[in-house]
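We begin with a single chain expressed as structure tokens, specifically the form predicted alone.
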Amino acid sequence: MFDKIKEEYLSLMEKEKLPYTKCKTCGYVFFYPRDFCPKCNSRDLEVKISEGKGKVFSFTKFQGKKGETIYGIVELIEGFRMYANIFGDVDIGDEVVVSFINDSGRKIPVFKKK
């Protein structure tokens, strides 16, 4: 089951769509692919596609050789939270939208201020 969910996640991200998982038993939603619900342990899950809109829940800034990097937690309108890089100057509660960048041949989600 996990391999099927993981493959579906990777396939959707290659199409620049942000996946998440919803538990059909309790309705809990989460981002990281798992083969069971972290809230009720059910294995009756479905992969859905997020609208990619959310708000900055928390963030931290790192100063590196290439400049400043912002890494944070974004709360999506579907109700789940995820860690991601955030581009642009943001603050807690700012609205952001997902976009995708190529990283070593894979597309990964990042967020930009709306």
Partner chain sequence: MTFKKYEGSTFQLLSEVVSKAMEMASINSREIDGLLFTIIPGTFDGKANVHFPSFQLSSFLGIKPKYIDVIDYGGPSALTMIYRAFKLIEAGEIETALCVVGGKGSFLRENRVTADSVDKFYNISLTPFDEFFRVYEDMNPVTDYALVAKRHGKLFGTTDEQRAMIAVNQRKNAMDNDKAIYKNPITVKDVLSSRMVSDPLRLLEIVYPVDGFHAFIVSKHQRNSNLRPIRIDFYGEAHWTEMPTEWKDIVYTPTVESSKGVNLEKIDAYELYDSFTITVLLEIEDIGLAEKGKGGKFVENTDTTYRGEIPINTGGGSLNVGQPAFMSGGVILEEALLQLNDMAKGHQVKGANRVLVNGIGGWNRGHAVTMVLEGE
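Remember, predicted model here, so these are calculated numbers, not experimental data. Positions refer to the first chain, counted from 1.
Below, we refer to the form predicted in complex with the partner chain, which is not included among the displayed structures.
Q: Pick from Lys39, Lys53, Lys48, Arg43: which residue has any heavy atom within 4.5 angstroms of the partner chain in the predicted complex?
A: It is Lys39.
Q: Verify the contact flag for Ile73: yes if a non-hydrogen atom of it lies within 4.5 Å of a non-hydrogen atom of the partner chain in the predicted complex, no if not.
A: Yes, contact at 4.5 Å.
Q: Examine Lys4 and determine whether its closest non-hydrogen atom to the partner chain in the predicted complex is within 4.5 angstroms.
A: Although the partner chain is absent here, Lys4 would stay clear of it in the predicted complex, with no heavy atoms inside 4.5 Å.
Q: Using the partner position in the predicted complex, report whether Lys24 sits within 4.5 Å of the partner chain, counting heavy atoms only.
A: The answer is no: Lys24 has no heavy atom within 4.5 Å of the partner chain.
Q: Wondering, does Tyr9 line up within 4.5 Å of the partner chain in the predicted complex on heavy atoms?
A: The answer is yes: Tyr9 has a heavy atom within 4.5 Å of the partner chain.
Q: Taking the partner chain in the predicted complex, which residues of 1-33 have any heavy atom within 4.5 Å of it?
A: Counting only heavy atoms within 4.5 Å of the partner chain in the predicted complex, the contacting residues of 1-33 are Phe2, Lys6, Tyr9, Leu10, Met13, Tyr28, Phe30, Phe31, Tyr32, Pro33.
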